[in-house]
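Here's a solo chain for you in structure tokens, the form predicted alone.
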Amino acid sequence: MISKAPFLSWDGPVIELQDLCRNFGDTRAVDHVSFTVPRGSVFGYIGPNGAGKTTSMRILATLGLPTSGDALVEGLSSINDPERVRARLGFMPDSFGTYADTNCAEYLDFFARSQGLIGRERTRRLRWVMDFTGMRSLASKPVRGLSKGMRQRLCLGRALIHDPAVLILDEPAAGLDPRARIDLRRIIRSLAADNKTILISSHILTELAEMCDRVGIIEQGELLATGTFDEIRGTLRQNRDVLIRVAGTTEAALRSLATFEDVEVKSSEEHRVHFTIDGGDHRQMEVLRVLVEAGIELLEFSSKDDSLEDVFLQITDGRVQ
């Protein structure tokens, strides 16, 4: 039975990977990966299949051993102190087994017992998990009859049953319909607001952009960038899409735009010009100033920043191993 002693107060990073490496023969699946995640935040782990996300997440979850380096949860090593780490984290893998002959309540109760929960505490945790994940009305429903979205909720409930400080979620949105993804995003943000620390991987980059405080981009085992979305985007060549709409014809606007070497006109039609420009806000302001000083009557000047997908494509090369 896992000891349920109170967790130590920990002021440092709740998740920390320290120069983590994992080799499989001649293949280095994880190549000197280091990052930290503070308490109460959501860290998005981004990369193609085979990039090393699942391997490093499994090491953190005490389900694998590194070739070198370490993975820490609240200052405890997943390698040297796995039992105390397991008491602090819940792991939701990308694929998980269920027991076909059990219903939802029995399934969650099994994992509550395996975590050493007894008596009123087990009853309280079961009630809270089923309410939080929206599974209470399905308590007596056989697990085999659940939809994909409900199975994901059930697995999340399993990971939450012992009230962990850390959640590791490997591709939790895979195969979910739009409503189920919205519900999952709401649940994750609610958990972060409750001071849970969450490491989540996903191929649905728009989802990560909306729910994560920081992201890490990994390819071929190498961590290429970490930080907030804006911090990472700020290190790249910024290519803004800009649309202007003018009161008259576009001829004068096109002449003014032609004075900028880094402006590329994508399309021009009656009253509208779509162009791209390299640079950030200040460069965009220069273009706007020139257009106004040229006497062009602007009805609209709007731009679109690079999305997380754009940033991912700029940073990665599409390498696989």
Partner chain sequence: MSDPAEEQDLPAGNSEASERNQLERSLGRIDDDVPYHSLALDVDQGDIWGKIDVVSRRVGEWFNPILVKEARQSLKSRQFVITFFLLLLASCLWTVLGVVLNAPDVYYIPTGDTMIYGYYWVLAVPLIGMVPLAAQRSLAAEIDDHTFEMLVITKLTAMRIVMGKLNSAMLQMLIYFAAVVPCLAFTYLLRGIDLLTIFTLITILFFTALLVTSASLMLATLTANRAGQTLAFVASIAVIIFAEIMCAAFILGEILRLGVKSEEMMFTALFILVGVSCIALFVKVAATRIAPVTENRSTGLRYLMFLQQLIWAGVIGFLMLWYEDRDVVNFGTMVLGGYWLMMGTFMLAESPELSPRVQRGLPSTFAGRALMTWLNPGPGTGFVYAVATGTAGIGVLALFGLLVANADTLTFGMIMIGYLAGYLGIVRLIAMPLCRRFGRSVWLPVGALATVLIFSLMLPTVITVVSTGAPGNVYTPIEAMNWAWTIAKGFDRRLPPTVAFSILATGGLIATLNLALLFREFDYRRIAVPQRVLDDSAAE
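Predicted, not measured: the structure shown is a model, and the values here were computed from it. Numbering follows the first chain given and starts at 1. Just so we're on the same page, rigid core means the largest C-alpha set that superposes within 1.5 Å between forms.
What comes next is about the form predicted in complex with its partner chain, which does not appear here.
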query	finding
Proximity of Leu63 to its partner chain in the predicted complex, heavy atoms at 4.5 Å	yes
Non-hydrogen atom contact Gly119 with its partner chain in the predicted complex at 4.5 angstroms	yes
Distance check, His203 to its partner chain in the predicted complex, heavy atom within 4.5 Å	no
Trp10: touches its partner chain in the predicted complex, heavy atom cutoff 4.5 angstroms	yes
Per-stretch contact check against its partner chain in the predicted complex, the hit in 169 to 177, 219 to 227, 240 to 248, 126 to 134 (non-hydrogen atom, 4.5 angstroms)	126 to 134
Single option in Met211, Leu154, Leu146, Ile187 placed near its partner chain in the predicted complex, where near means a heavy atom within 4.5 Å	Ile187
Glu231, His271 and Val292 each touching its partner chain in the predicted complex (heavy atom, 4.5 Å)	no
Contact set, 66 to 80 vs its partner chain in the predicted complex - heavy atom within 4.5 angstroms	Glu74, Gly75, Leu76, Ile79, Asn80
Yes/no, Arg179 Cα shift of 2 Å or more between this form and the one not shown with rigid core fixed	no
